[in-house]
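First comes one chain, alone, set out as structure tokens in the form predicted alone.
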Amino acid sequence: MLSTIRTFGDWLASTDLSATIQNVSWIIPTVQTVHIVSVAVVIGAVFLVDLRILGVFAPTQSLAALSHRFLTWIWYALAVLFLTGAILIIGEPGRSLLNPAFFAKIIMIVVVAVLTYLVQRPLRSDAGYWDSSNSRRLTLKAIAVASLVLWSLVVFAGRWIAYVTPISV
């Protein structure tokens, strides 16, 4: 598996697109900037919703209204993160594809995106879904805590990609 990823990374690094991304001086810094701003949008929106769930932020505002306002931003920002991340990987595949911090980041993003979807989905049809029972409220609070932890770790892992040595095959 790792040798297949290495082979793919070597092929990707040899493409004209990768060479262009690497050699045009403004592409990587610009894409990284857009990537970081999108991370800030996701983190800001997620933290506001999760802190509302935990009763720390806007406790008088309905979760449905708050999530509708902020969670929409998450999905758009995640799409931008996917695109900018793909550009960064194409430009520097050796930096990411075999990097344990990168893999940890991607796994955590998938898990926390699923958790976010699980919070948002029932609110579309029933604004009081999460308030209808104690077990649902406890589940929601557990999801909020997991979300806060995972998104924080995603940011940490993202920064560590530059400092963790990729696995050699």
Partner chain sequence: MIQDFCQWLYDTAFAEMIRASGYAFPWFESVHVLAITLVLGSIAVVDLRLLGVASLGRPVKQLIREVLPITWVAFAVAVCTGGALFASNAVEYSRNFPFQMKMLLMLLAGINMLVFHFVTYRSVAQWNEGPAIPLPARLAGGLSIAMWVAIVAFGRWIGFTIGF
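Numbering follows the first chain given and starts at 1. Please read these numbers as outputs of a predicted model, since none were measured by experiment.
FYI, the form predicted together with the partner chain isn't displayed, but the following is about it.
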query	finding
In the predicted bound form, L123 touching the partner chain (heavy atom, 4.5 Å)	no
Non-hydrogen atom contact S135 with the partner chain in the predicted bound form at 4.5 angstroms	no
Residue contact check: F57 to the partner chain in the predicted bound form, 4.5 Å heavy atom	yes
W75 within 4.5 Å of the partner chain in the predicted bound form, heavy atoms	no
Stretch in contact, per heavy atom within 4.5 angstroms of the partner chain in the predicted bound form, of 137 to 145, 124 to 132, 104 to 112, 24 to 32	24 to 32
All of W11, A79 and I87 within 4.5 Å of the partner chain in the predicted bound form, heavy atom check	no
Interface residues of 142 to 161 toward the partner chain, as seen in the predicted bound form [heavy atoms, 4.5 Å]	S152, V155, F156, R159, W160
